[in-house]
Ligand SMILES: Cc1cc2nc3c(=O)[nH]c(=O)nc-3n(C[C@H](O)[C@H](O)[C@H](O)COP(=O)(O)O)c2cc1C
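Encoded as structure tokens, the following chain is the form predicted alone, with no partner shown.
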Amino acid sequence: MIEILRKRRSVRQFLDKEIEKEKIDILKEAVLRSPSSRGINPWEFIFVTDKELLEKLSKAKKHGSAFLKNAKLGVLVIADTRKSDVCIEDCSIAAITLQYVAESLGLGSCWAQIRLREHNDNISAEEYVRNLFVLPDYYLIECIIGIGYPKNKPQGHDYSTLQFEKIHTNGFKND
């Protein structure tokens, strides 16, 4: 697992190469195995492979979602807010689980935050996506993970750049 963490980086440019069904099936299994508070599993996932839908999702917010246009897969991470008071956290765990498994399969990925982001001056990114997929108001739309074969694979962060000053032991040290 540490090797996946060492090499994983956000990938926003993808090859024009379809993702094999077997790999998509593994990604589906991975998100369904994601831990959640008290095992409630309030999250749900919409796997999008349709090019037109991915194009529309690429316009979900003002900045930071354009890469979805060329992704071969977009995964909406959503949750029924009536089921849990910590669905944001549960969705976040599922989303990063998806990204780590994608990396392990030789795929690249990038997170597009949707919750609390603007689509334009009139509606939120969440409303835009909610309308696109006709989702009920009680569903939270945390993010969309764009996935595909990386066009360019950035190198992982060098060990020397890790911010060890952010690690505290047995208490908080405030300098």
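All residue numbers refer to positions in the sequence shown, first residue = 1. From a predicted model like this one, the values you see are computed outputs, not experimental measurements.
Heads up, the form predicted in complex with the named molecule isn't pictured, but that's what we're talking about next.
Comparing 58-66, 124-132, 44-52, 30-38 against the named molecule in the predicted complex, the single stretch with non-hydrogen atoms within 4.5 angstroms of it is 58-66.
Using a 4.5 angstroms heavy atom cutoff to the named molecule in the predicted complex, none of K23, T97 and V101 count as contacting.
Among heavy atoms of Q113, some come within 4.5 Å of the named molecule in the predicted complex.
Mapping the unseen interface onto this chain, T161 falls outside it, with no heavy atom inside 4.5 Å of the named molecule in the predicted complex. Residue contact check for K153: none of its heavy atoms lie within 4.5 Å of the named molecule in the predicted complex. Taking a 4.5 Å heavy atom cutoff to the named molecule in the predicted complex, the contacting residues in 1-28 are R8, R9, S10, R12.
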